[in-house]
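Consider the single chain below, provided in structure tokens and representing the form predicted on its own.
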């Protein structure tokens, strides 16, 4: 059993709608090679592989992880796939952590790729998360269900569409410093408000793009960190929780948690932060990389994670509280999921961007003096959620 687990190397491709110049396995191989190069390792240094892959329906190839085994140097090694929808990448990091922490491997490669634009209508695949008899015919989709969440939240806390738009302006501006971001640019609140309406109160710019690309991370034990990485990012806390699969089971007098404000994220964060010794997130965490595919999700997540009280995250946004340069906490210096969403590896990219901040490898996105950073991921219609804490020093537990 290893007392600590650390990130030793990372890689992410440039994300865009499609990568016609590469096959799926070539995308995965590019990510694997990139992470090995980042860590100064060869394929022989890797003991096991965790493959990060959400629904393969998006590209019409079943079990694409099997197709990629030889190309990611997996032949003859333990390898398994993780799939928790949009939370997949974060879950894959946790699986690799436990392989090292449990002593089953010394160094694990986490790798995956996404080609979601292969399908003409990803929403048909995404709608499989809804109950066949009671929910799909309403019709619910990820857009309409999050729009209902946003409407409830805005009514409860007297917020406006301008408050949501301000989040998008910050995200696109942050992404200007991220060479791998899918969407970026200096836009205004008015640009967001004038973008096409999708489902009230959400407009096109309030919603993430469909992105393709690959990503990989290598984690290892303390001895591997000392050998391969002078400035590793230690994984000091992990937590994940799962809700009832059908949305309807989370409503009504028998439900345990509220659906509209992501209460499950709060319970999950309490366990994760306790593990990492975090008692005051606002003072102890310098950077967050949150899974925010819609402009409303980041605000809800910040409140559930304890950075501020319910209903205040968007008001603090008006004061620049979450800005990269002068904010109290830098929220999504990469631009976040609002700017890049390759579903199979989105959670992994969030973890990579957080770990890179701790390792001092975030390039133009680097925030000074980062000691602790976190990443989150959410899957399905919030059926799955997870959180990871990275630090410059290990927390022994």
Partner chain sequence: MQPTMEQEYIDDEITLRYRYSLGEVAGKFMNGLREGEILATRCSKSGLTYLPPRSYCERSFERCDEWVRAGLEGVIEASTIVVRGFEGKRPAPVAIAYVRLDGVDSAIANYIDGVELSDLDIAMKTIEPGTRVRVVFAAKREGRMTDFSFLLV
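Numbering follows the first chain given and starts at 1. Keep in mind it's a predicted model, so treat the numbers as computed, not measured.
Form predicted together with the partner chain: not shown, discussed below.
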Considering the partner chain in the predicted complex, find the one stretch among 135 to 143, 179 to 187, 92 to 100, 305 to 313 with heavy atoms no farther than 4.5 Å from it. 135 to 143
Does residue 279 reach the partner chain in the predicted complex if we count a contact as any heavy atom within 4.5 Å? no
Consider residue 194 of the chain shown here, and say whether it contacts the partner chain in the predicted complex, taking contact as heavy atoms within 4.5 Å. no
4.5 angstroms heavy atom contact with the partner chain in the predicted complex for residue 124: yes
Please tell me whether any heavy atom belonging to residue 23 falls inside 4.5 Å of a heavy atom of the partner chain, as the geometry stands in the predicted complex. no
Please state whether all three residues 225, 274 and 393 have a non-hydrogen atom within 4.5 angstroms of the partner chain in the predicted complex. no
Heavy atom within 4.5 Å of the partner chain in the predicted complex: which of 129, 105, 198, 229? 198
Partner-contacting position among 320, 248, 78, 173 - heavy atom within 4.5 Å of the partner chain in the predicted complex: 248
Pick out the residues of 345 to 379 whose heavy atoms come within 4.5 Å of the partner chain in the predicted complex. none
